[in-house]
Each structure stands twice: as structure tokens, then as C-alpha cells.
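First, one chain by itself in C-alpha cells, the form predicted alone.
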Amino acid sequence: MTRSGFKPGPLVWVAVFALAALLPLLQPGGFVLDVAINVMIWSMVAYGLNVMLGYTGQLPLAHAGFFGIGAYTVGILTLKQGWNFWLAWPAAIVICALGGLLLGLVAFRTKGDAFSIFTLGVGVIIALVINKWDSLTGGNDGLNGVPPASSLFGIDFSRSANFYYVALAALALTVLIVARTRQSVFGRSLVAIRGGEDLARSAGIDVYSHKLRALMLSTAIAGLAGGVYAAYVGFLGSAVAGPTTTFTVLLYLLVGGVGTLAGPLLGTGIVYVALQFLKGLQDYQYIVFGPLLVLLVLFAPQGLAGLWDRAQARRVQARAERAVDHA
């Protein structure tokens, strides 16, 4: 049995992105644009994690490492090598996809908790390499002064209002790719693998190959988001590639709904915005979110998107009961 999740139709998604495209035209303050761009970036990271956790049932805890690789690739190529952002960005995506392939060739020899622990170790190693390789990454000092996205078609993307559309287009592409993947034969095979690898093999599915391709897609999306992050923020530190970042993204996904299409965007939007308003609490932010997450897991294990499913199911059941009564 697959998780259906909250599944807004294509027209709903078109309406959501059309409304989002109007935001810069309303000339909001810099804070609003900053929050919106960050929500889109971290939503992309959550979608990448959802490909693995939601569709294959595998939890890769090196996900932030690939986000960091994507960000640092763009930062190094544009700042130190003089590349154009529009060339460095695709390069970051390809490098992250290849990194996912290399990780999968080894990691998929393990299963379950061992897989998660192994990838956690890889994530820690990636963060350490970034932190210690002073000549390339800047080490503890990080990379400062990463150039913003250069002009394209006469549009100055160094301005936040214009770069907003780069982030929006990247998010729309991510949602489209994930949605098409989920609806494809490949996506249905991934869901079958989540249900049971032995059963999937008996149905003729090449489990190892499918998981490799899924991990490559997941890390490529992380690299896509990392490139946007580097060009927007302009400063990179090794913390973005650390396990804490992975667990934060996992929190976004759990709140929104694992295995759903709307969940990553919904969860990231709610949690990220809430954290902005709780900034005054600093280190106590997660003391507030901890109990709330426990309650969510207890009463809505499929996240907020799953609540919609339950409400829809109750509505259908009520209609069926009324139909029986009238009969």
C-alpha cells in the first residue's frame, strides 16, 4: 500500500506558483523576500531527501553534505576560477549526482539502520574536509564574497527581487521532476522497493540499480539547491554541510509529510517561518519544537499533508454513510 499524501492537481500547483510569482511585484520588504527565497531553497533540499526517504524508504544522513558540495562548487568556481554562475550551477549539479553514485556504490551494500549510520559518517567526513581544506574552501573562515548570479538576457539577477525568480524556477523544476518521477514506472518501482526489497526483486525490479538512480537524483537536487544558496547568500561555512543541517531538513520533511508531494514545501514553509519569529529564543528554539514534533508524530504520523488525507477520508466515509441511510 502506497502513501497517497496530499496530492494537489496540476492546476493547483500552477496557481500556487503563479501567486508566488506576484510577490516581488508587490514590493515587499527585504525581510519578506529573504524568507521566501530561503523557504524555496530549503524546500528543494527537502524534496531531494524525500526522494530517498519518502519513495525508497532509505534515510541518507549525508544529504546536507551534498548540499554543501553543490554550494561550495558554485562558490569556488565563481570566486576563485572566474566562472559564470550559469555555468558553475550545472557543474555543481553534475558533481553532486556523481557523488551520489559513488556513495551509493558502497552504501547500498548495507541496509536499514546501517545504511543511515554509514551515510551519517560520510556526511561528517564531507563537513570535516570542507572545514580543513583551507586552500580550497577557506577552512574555518569559509568562502566570503561569492559573486551573485550574473546578468542573463539583460536581467540583473544580483538584485534580490530578480534572483527570487531564479529560486522560484528552480523550485518549480524540482517539484515537476519529483512529481513526474513519482508517476513514472521508475517511481512506482521505488515505492515497491520501500514496501519490501525481496518482494520487489520477485517482481523483476533491479533493486540496486533503482536505489542508485534514486540517490543520484536526490543528491543532484541537493546540489541544485546548494548552487542557489551560494549565489544568494554570498558566504559559505562548513556548517551548511554538517549533520545538524540534515536533521533540520528532516524536521521540515516530517512536519510536512514524508512521501507526499506537497509535504516538503508545506513543512519547510511553516517551520522556517516559525523559526524566524522564534529567533529571539536562540538556543531554545528546538525546545519549543521538540514537544510539538512529538505531538505531530503521535497524532499525525504522515505530517500535515497526511491530516488532509484523513479529513478527506472522513468526508468520503460520511458521504457513504449518508448514502446508505438514504437507501
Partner chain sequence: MTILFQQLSNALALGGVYALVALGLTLVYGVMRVPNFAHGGLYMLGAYFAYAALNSLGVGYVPALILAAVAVAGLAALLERLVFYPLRNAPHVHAMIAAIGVLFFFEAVVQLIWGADFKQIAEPVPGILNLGGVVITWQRLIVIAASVLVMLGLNFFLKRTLTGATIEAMSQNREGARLVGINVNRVGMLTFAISGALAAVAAALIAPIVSVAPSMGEVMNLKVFAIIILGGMGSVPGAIVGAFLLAFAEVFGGFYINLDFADVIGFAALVIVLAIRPQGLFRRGT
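Quick caveat, the model's predicted, so the values are computed rather than measured. Positions refer to the first chain, counted from 1.
Note that the form predicted in complex with its partner chain isn't included here; everything after this is about it.
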| item | value |
| --- | --- |
| Stretch in contact, per heavy atom within 4.5 angstroms of its partner chain in the predicted complex, of 66 to 74, 295 to 303, 39 to 47, 261 to 269 | 295 to 303 |
| 79, 83 and 94 all contacting its partner chain in the predicted complex, non-hydrogen atom within 4.5 Å | no |
| Candidate from 173, 125, 152, 136 lying within 4.5 Å of its partner chain in the predicted complex - any heavy atom | 125 |
| Residue (of 208, 235, 118, 165) lying close to its partner chain in the predicted complex, criterion heavy atoms within 4.5 Å | 118 |
| Distance check, residue 141 to its partner chain in the predicted complex, heavy atom within 4.5 Å | no |
| 4.5 Å heavy atom contact, residue 113 to its partner chain in the predicted complex | yes |
| 4.5 Å heavy atom contact, residue 254 to its partner chain in the predicted complex | yes |
| Non-hydrogen atom contact residue 31 with its partner chain in the predicted complex at 4.5 angstroms | no |
| Contact set, 165 to 192 vs its partner chain in the predicted complex - heavy atom within 4.5 angstroms | none |
